[in-house]
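Next up: the same protein chain in two forms, each one alone, written as structure tokens (structure 1, then structure 2).
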Structure 1
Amino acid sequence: MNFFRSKTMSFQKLIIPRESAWDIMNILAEQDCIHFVDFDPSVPMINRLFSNHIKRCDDLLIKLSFIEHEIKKYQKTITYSKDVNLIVQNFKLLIRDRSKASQTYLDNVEIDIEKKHLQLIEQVNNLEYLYEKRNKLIEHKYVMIKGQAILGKSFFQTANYVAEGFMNIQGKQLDYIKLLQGSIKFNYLVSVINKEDKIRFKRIIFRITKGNVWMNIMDIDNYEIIDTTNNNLRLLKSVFVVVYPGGGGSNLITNKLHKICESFQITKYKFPENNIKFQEILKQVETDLVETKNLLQMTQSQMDAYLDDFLSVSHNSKCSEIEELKLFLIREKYLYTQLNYFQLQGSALYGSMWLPEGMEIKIEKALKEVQNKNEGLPAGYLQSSLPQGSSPPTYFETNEITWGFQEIVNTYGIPRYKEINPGLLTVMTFPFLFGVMFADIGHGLCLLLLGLYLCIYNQDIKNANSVLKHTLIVRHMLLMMGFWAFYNGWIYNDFMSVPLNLFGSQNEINQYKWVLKDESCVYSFGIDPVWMCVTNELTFINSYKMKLAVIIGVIHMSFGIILKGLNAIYFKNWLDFFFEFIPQLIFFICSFGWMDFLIIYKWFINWTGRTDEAPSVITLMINMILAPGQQVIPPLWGDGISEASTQTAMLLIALICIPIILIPKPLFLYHRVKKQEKEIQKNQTQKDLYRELNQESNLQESIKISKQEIHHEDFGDIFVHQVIETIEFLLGSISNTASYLRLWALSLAHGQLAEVFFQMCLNGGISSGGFVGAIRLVFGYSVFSLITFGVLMMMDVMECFLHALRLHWVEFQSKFFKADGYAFQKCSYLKVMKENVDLNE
């Protein structure tokens, strides 16, 4: 029964010697059944014993992610692990085959990864350097070509003139060529600038030289220049030429230009002064460029090979090496995180944990196994003890079917330890309530078929990596929801807004009027399709669905209240049982149970021919409260007097229940608190005496007492709390019952939507018939199917799902569910590794 109530937990202390901590933890984590308790959550993780190891693992993971990033940059695919178990097995083998202590495997991995990381960085740097060099060469090439284009051929002619000795070539840097033309000297400055800086550069040059220069800028239309530091983005560059007067003694402009170039981080390039040299340098640059490109290619292929190393798929684990390393590190980190919950005292680690009952033997066996395997190592020691502090965690074992429903409950709150788990009941009620709202034979069937498909072809879908993969996890839920929607569709006899006449309607047309075939005949299953053809169809269906909704709601909620009683019995909380559960149940049955009774009773009476004599259930209920004891007219049975007295009795019983809920509980609670206080005082005096005798008093005891003191409440608080609870229950029983009307409202909305779509898209085509009708149907059908899929099969499913969720969380669970537990977190390698593998998808 460990799905109805949490598994029984036992609190255990574990003492492990420090030297065998890794081995023991390793084997415990493989057991998948331990919840380790942090010895003191207020101690920051940094100050824990093994934080250093965790840090190491983190660092290595960062390095691995760097490598992974590089791999992705080269568009190589990593084979991710599909089955974590294989990897776990592989690690086991690895560790067994090693001669050294198992925990030192991390050291090996660390050295290995660090070495490879360094190599990789070196490669990357090398590559970057080469790219840089290539960029420079390309730039230089364009400086030459564009420079020539800007300056024109005549530049070299005069430059040749220079070579003949008439001109004075100044400056040690060859990029500044000074010319003498007549008496004015001109200097040339040719280089490359980022395209985006173009205008700014122009402006600044203009300002600084006060317009005394001539400059021209040309964009480089080559896209090979790459920014290696920024994701290999293309860089756009421009070549500029500045011609400025200078030479002689005035170096002011030269200096300023220098400074500006520096501040724009402009590289200087050689620009030759004559044609022969120009050709020479251009040739040189071209050959350099080819060389660099070759070198670059070589380095790249080296890098390729290097990265391929990380991608080799080992045959044991069926995934790339990098993935294997990553998972190992994650596993190792997890192990140390769990070990950090232990406290170091002397040379041993002290920890505590929650174990599902009966698992002790398994753990003991595992501990023994460690000892057997490593002769020299001292073994851990398991010791059951009394739990300290918090209550035990809640642990349910789930399977594929119950998992989804348990998640629905857990999202609201984890059940308190040993409380009735609403998850189990949700498995049945949730799909049913959904089905009531989504009731439609056609749509339900679609959902049912989807569920069936997912369930049957489960494995194929998983392997095929299809879009439906993510719905697999809720396949059972879909199947059940589909089934109940289908079933309720039959009850309401609604096939996408058209009723089916499968069993033969019990009415027939006789002289333009519907008449029953014979007096007692009843339509075999669901609603007679003839209702579709009458004018009061909607009124009838609504009243029917509304009543059904209220009946279901009252049953569901009474069930919730009964669960509260079961909880009270289980916890032996007789106060709750007698002064909360019993009066609440009686109140609920006498008020809303009575209403249900009236509805059903009314259904059993044949009102044929005297429909105006039928009393309205709502009026009956209102009069029951507003005019108690008065004769009921028109009566449901008899002359109305016996009915009136029954009603009065019901009302009285319900009213009496209210003070029973309200008053006794706080009194008892207060009494209990008082008694406790007295005991504490008595203990205190005893303790004082004890303390005088023995200075080192029991610390634990005093902590316990201080905790009890925190719980201390005065009568006012207790009473106000109970008043709130009572009001909540009373008002809640009314509003919650009303809330169940959503079962009708959503079903109505669904039906009406379906009808509108049918009328708009198909009806016209069907009724007009002939060729035109056929064409209209072809178009109409495509619209109809799309809209049915989008609105009804997607949106309405979602809506009904949410409302079913609400009915469970608010209306049902509020009757009994405390939801203040916390979940059992089992220490498991498989869990963390799986989580990581799922991230890759």
Structure 2
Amino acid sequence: MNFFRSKTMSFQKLIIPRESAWDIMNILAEQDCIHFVDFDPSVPMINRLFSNHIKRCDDLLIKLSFIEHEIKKYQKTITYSKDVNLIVQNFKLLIRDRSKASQTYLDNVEIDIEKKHLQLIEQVNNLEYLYEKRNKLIEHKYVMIKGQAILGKSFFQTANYVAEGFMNIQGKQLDYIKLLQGSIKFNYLVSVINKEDKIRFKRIIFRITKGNVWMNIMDIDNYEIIDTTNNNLRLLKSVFVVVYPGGGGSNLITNKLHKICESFQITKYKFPENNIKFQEILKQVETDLVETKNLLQMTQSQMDAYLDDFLSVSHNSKCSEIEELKLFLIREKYLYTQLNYFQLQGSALYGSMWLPEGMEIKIEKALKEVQNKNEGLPAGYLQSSLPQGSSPPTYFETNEITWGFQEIVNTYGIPRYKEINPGLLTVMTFPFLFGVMFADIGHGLCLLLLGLYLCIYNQDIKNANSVLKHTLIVRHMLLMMGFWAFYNGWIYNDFMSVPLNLFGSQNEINQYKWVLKDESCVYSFGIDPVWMCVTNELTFINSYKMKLAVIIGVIHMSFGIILKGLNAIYFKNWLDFFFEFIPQLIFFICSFGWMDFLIIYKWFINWTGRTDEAPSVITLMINMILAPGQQVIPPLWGDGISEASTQTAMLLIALICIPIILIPKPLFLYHRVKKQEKEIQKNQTQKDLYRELNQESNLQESIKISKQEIHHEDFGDIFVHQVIETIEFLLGSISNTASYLRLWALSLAHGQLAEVFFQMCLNGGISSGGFVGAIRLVFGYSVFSLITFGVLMMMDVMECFLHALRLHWVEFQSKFFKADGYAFQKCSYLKVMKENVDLNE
């Protein structure tokens, strides 16, 4: 059973001639069953044999990303691959039909992408230049028009003389400045500024010149000015005119204004000195603007046609050309990355790999296929070998149902090779524990229907590119979580805080009190709805859920301890089996298993009419430790003496198990270590004698070998480690059992929140009745729906999910799960390309 324990692995050596390395790796990557082992992980990838090929692929992918950015910039749609198998088959056809060597196809792709990339850069630069030119011409045009509107025609008059720096125009109006124009020379600064900067610019001008200027700003109504460096964002501009006294040369105010313009990156425009010149310049600007717009439109059309070539959909691959090229480069990069795990020795590449048992025949067949297709190329050689110091990888075959649960386990840690996989058990226990916490008929039904909808219409949702597409991967998990929440809602008889009376009640009112119709009756299913009407409802429900949570927790953890024993049997680790598994299981059963027995036994006794005589389970457990052997009063059965004797026996057995867990294992381990050291020293002495007889005096090598083989470990280290393990188990048994009370706490919180929402939003409208009640019910139901969806169906689902996750990671898996393995990373084109396609989606 491959999902219960990892697939059996075989270690193989592979020798590949360098001239056929690409062809052999290409066909091996199509087999989806190989885990290549890096010959030396300490060697940087840049120093590997095929690092140059990987760099070429990375450079080409960057260039394709630039092309893809331009395509999206022009709001064009790329057809992504829906079926990676079509891409793989298409690449096989392309390479098969080539007359040249297969690996040279990358050279052709590289030349093609380089050429298209350079052409695209040229087109983009031309467009940017034309956009900038159009922006400048539009600015110049509006500088002329708005400048004339601000200054008026009288400013074209020439001054009789110049008096620089002596005229103060602070606070003067433009009409007053016009009157002085005949006798004083004024300078003009006319340009364009971003609309968002005009207030700041005006404030700085006023402060620098101390108000000795006249300034006006008018907004440009044209929205054709764009920012080519920011995805062609529309820019809002304003024309400003600054009039200040002074001659035409350089003076203090002129220098200050120019520096301010430089800080704002403002292009200064020269305003014409007379009306005739003004008309000539304006006409020329408008002519240039029309020509630039026509040229820009023509360049954009060429750009569209050029980008459309990248969007052409291939008949074989069913995706755009740019997507096909991108996937090919990802495929090539992956191939050379796998080849970098090999070591070059002479003219051959030597590598190691793990194969699932039975796949050797498949690989040998693939190697022969390469030789048959390419006559003259030497084939690879596969040889079975013993692993060198590394344990095999862990490999489980998953499907759409088990994938999500296996990921929950892998997030905590990869199972050790051949260790029992918690993922198989998580498929059953995770949705159930979630359902215990989220137990509600109505809310569970909503989650169940969502899971059913995702499972039935998964293909339609995927094709429609719906928002729910990202939840398809966990649709089976949602389905099971919804089912168990729905089922446990019936157990608790809770429909959004309202009990359902489907099976009737076994109680009736007699003299204003609820009494049983038949004292020997058992309710059909779940909880009698009458419990929701009595004064001690919360006390009863809390007691019931809390005890149920403890029972579930003890059963769950006991099963985890049993799995530890199964692992010990499988690995033939009899030391762990006899001195950890058996005493731990006995300790747990005699302590917390005994507590569960008391709870269940108490449930089977009819306490009607004598509830005061019912003993407290908590009191019984406390007295079991603090007052062992004393008669139990009140007793759960008999006169209390036999019960006390049983409890004392349970306590003694549990206490005896503690030293059994603590002491024997370190002693056996220390004895084993000493025995191994003696054997190693004996073997080393024989090696040294052999070297002396053969005149081999490489002393440094001998010392190095001996240090690697001898692993010394003191008894103190072993014993301290076992003390920690023992304390962790004993204290963990208590804390982990208490941790399962979250099953009760989350269920209680869910039920109380649902009750509060019902009482605050709906109960008032239902109680009022009439027209007012109907209005209150309409508004109340709207609020009730929104708050139920937001708090209970979103936040509480996530909360219960995380708590179920913690119960599996900490409380359950800690009993048997080592989580120190590493995953089987199969060499697969399908896998790496599918990951890229999923990122695009």
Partner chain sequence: MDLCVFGVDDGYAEAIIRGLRASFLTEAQYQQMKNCASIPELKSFLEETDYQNCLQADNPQIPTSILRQRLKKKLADEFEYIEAQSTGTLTKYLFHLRCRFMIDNVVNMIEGLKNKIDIEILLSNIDPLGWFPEIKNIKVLEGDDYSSLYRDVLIDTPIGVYFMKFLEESIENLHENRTLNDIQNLFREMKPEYIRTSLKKMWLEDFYVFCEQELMPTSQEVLLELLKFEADFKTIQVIYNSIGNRDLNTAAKIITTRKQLCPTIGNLYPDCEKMYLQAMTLDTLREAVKGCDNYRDLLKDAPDPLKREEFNVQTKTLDDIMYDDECRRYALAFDGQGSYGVFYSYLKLKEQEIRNIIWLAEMISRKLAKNHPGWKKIIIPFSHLGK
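Throughout, rigid core stands for the largest set of C-alpha atoms superposing within 1.5 Å between the two forms. Structure 1 provides the reference sequence; residues are numbered from 1 along it. What you are looking at is a predicted structure, and each value in this text was computed from that prediction instead of being measured.
Between the two isolated copies of the chain, the second is the form predicted on its own.
Relative to the superposed core, Pro659 undergoes a Cα shift smaller than 2 Å between structure 1 and structure 2. When the rigid core is held fixed, the Cα atom of Phe264 travels 2 angstroms or more between structure 1 and structure 2. Shown in the overlay between structure 1 and structure 2, fitted on the rigid core, is a CA shift at Lys195 of 2 Å or greater. Relative to the superposed rigid core, Ile220 shifts its CA by 8.5 Å between structure 1 and structure 2.
Superposed on the rigid core, the forms differ at Glu132: its CA is offset by 5.5 Å between structure 1 and structure 2.
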